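Here we start with a single chain on its own, the form predicted on its own, put down as structure tokens.
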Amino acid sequence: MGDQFFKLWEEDIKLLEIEKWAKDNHIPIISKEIANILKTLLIVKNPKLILEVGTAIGYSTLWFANYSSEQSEIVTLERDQNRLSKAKKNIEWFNFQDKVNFKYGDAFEIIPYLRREFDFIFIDAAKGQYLNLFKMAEKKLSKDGVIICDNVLYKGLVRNKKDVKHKMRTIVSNMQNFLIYLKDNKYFKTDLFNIGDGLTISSRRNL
């Protein structure tokens, strides 16, 4: 009986189809656990301007669009043209196109030229570049904004003391340096959550 009165948006058949498509095509998307944390943050923070670094097929973008206010805007960056095209179709499928501003290209070339301050920044891009991405993003963050970074434990290897495969050592080392940067950062307070593949939530300290 309860389902007749209250159906969760995340149970939408279209969203489930996108999840299946991502799995079948080996496209990484945020886990449901991470999605629900983002949902809670969006409801609590009520951001007006959101920056997403790493659109992929627009799955997390859909969560941002659905759980932010009608006046909110999402600026999302993606450097893979095929993924961006799929993301645009997915956003249009849910009729969120008026809330989403797609930008095609490398984040390192786009972020420095963004002129506005963002209330909510989500980083889910090249794992070996999180430190550099965060340093750029923090310059674009509003006073009370938050920066969320996904997959910071990188397949569990960041905390794994066993030998890491050679091709992954640089990424793991870079991610470890990034987490040290957050831990020692006197300007940001960061919480690390051992959920999914690791999530950090950073906000400015009141200095």
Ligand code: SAH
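Numbering starts at 1 and runs along the sequence shown. Remember, it's a predicted structure, so these values are computed and weren't measured experimentally.
Not on display, but discussed next: the form predicted together with S-adenosyl-L-homocysteine (SAH).
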Practice item. Just one of 54-62, 171-179, 41-49, 137-145 has residues with a heavy atom within 4.5 Å of S-adenosyl-L-homocysteine (SAH) in the model of the complex, so point it out. Key: 54-62
Exercise for review: Look up in the model of the complex whether F96 has a non-hydrogen atom within 4.5 angstroms of S-adenosyl-L-homocysteine (SAH), and give yes or no.
Suggested key: no
Check your understanding: Does V158 make contact with S-adenosyl-L-homocysteine (SAH) in the model of the complex, using a 4.5 Å heavy atom cut-off?
Key -> no
Practice item. Indicate whether S-adenosyl-L-homocysteine (SAH) has at least one heavy atom within 4.5 Å of a heavy atom of P112 in the model of the complex. Key: no
Review point. According to a 4.5 angstroms non-hydrogen atom cut-off, is D119 in contact with S-adenosyl-L-homocysteine (SAH) in the model of the complex?
Key: no
Check your understanding: in the model of the complex, which residues of 84-115 put a heavy atom within 4.5 Å of S-adenosyl-L-homocysteine (SAH)?
Key -> G105, D106, A107, F108
